[in-house]
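As a starting point, one isolated chain is supplied in structure tokens, in the form predicted on its own.
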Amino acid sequence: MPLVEVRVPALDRGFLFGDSVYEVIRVYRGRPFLFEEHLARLRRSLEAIRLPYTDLEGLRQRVLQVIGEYQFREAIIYIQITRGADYTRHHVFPQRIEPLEFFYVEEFHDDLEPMRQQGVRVITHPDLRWKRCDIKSTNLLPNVLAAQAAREAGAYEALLYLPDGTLLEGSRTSCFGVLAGKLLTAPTTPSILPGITRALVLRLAREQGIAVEERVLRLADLPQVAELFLTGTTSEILPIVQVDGQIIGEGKPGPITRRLQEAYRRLVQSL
């Protein structure tokens, strides 16, 4: 049905408690990109919050059916699974409840290409999130507040940092930096989301012979960082040229960023 006609029960636990998980998937030329990787992460998130949804194969088929039936070429898939709706509001899991599956596909008009060529400005922001950021849950208020702070500062994104100055990731992206000729990104721990595009970029970097280390950057490292970029489903590989008004490297996308962008584009075209 049209998205504007979709109705979710008011007592759905995703609405009341954020008791739900989600995924966002990019469609290029009618084909979902890294679809199986996204579904695998969705499965891990479901297991992590003990949500007994078991029809991932059926979900995959339904998504593909919608893409084909409506002939989507460039699009975004949004998938959300909630624990379901109960008749009363209790924090504990209801005994008998059916998970609620919600997904939609919509056309995507990519307006980020000029930014991928020129680079973007970002700000830093304290990380106010919970301690299980590896679960892709819909509890996104800290991310929303950080993203809003970036918007009000005229920046594209907010990089989240801990009290000791450790940089983790963006409010809706992963983050990479080039320091002393090596590509760095925060290691996979419960403190970050294991980004699907992040994992792909790590693979592409190794295939390109780029030295890679999963190690955190710190705020104090930024003056020495030669390159910095974001990754994400819609961002793809997005260079950062300025952080909190401080120029990164030469103030333009660097050579390693460019190599990875080209490798990413070749992979997409190979579909």
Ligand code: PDD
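Everything numeric here is computed off the predicted structure, so don't read it as measured data. Note that residue numbering begins at 1 and tracks the sequence as displayed.
This protein has a second form, the form predicted together with N-(5'-phosphopyridoxyl)-D-alanine (PDD), left out of what is shown; the following refers to that one.
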Note: exactly one of K136, R121, H125, R116 sits with a heavy atom within 4.5 Å of N-(5'-phosphopyridoxyl)-D-alanine (PDD) in the model of the complex, namely K136
In this chain shown alone, the residue from I79, L193, A147, L100 with a heavy atom within 4.5 Å of N-(5'-phosphopyridoxyl)-D-alanine (PDD) in the model of the complex is L193
Using a 4.5 Å heavy atom cut-off, state whether P239 contacts N-(5'-phosphopyridoxyl)-D-alanine (PDD) in the model of the complex.
no
Would S45 count as a contact of N-(5'-phosphopyridoxyl)-D-alanine (PDD) in the model of the complex, using a 4.5 angstroms cut-off between non-hydrogen atoms?
no
Any chance L11 has a heavy atom within 4.5 Å of N-(5'-phosphopyridoxyl)-D-alanine (PDD) in the model of the complex?
no
Is there any non-hydrogen atom of G170 lying within 4.5 Å of N-(5'-phosphopyridoxyl)-D-alanine (PDD) in the model of the complex?
yes
Tell me whether H38, N143 and G232, taken together, all sit within 4.5 Å of N-(5'-phosphopyridoxyl)-D-alanine (PDD) in the model of the complex, counting heavy atoms only.
yes
Choose from 79-87, 128-136, 100-108, 179-187 the stretch whose residues reach within 4.5 Å of N-(5'-phosphopyridoxyl)-D-alanine (PDD) in the model of the complex, heavy atoms counted.
128-136
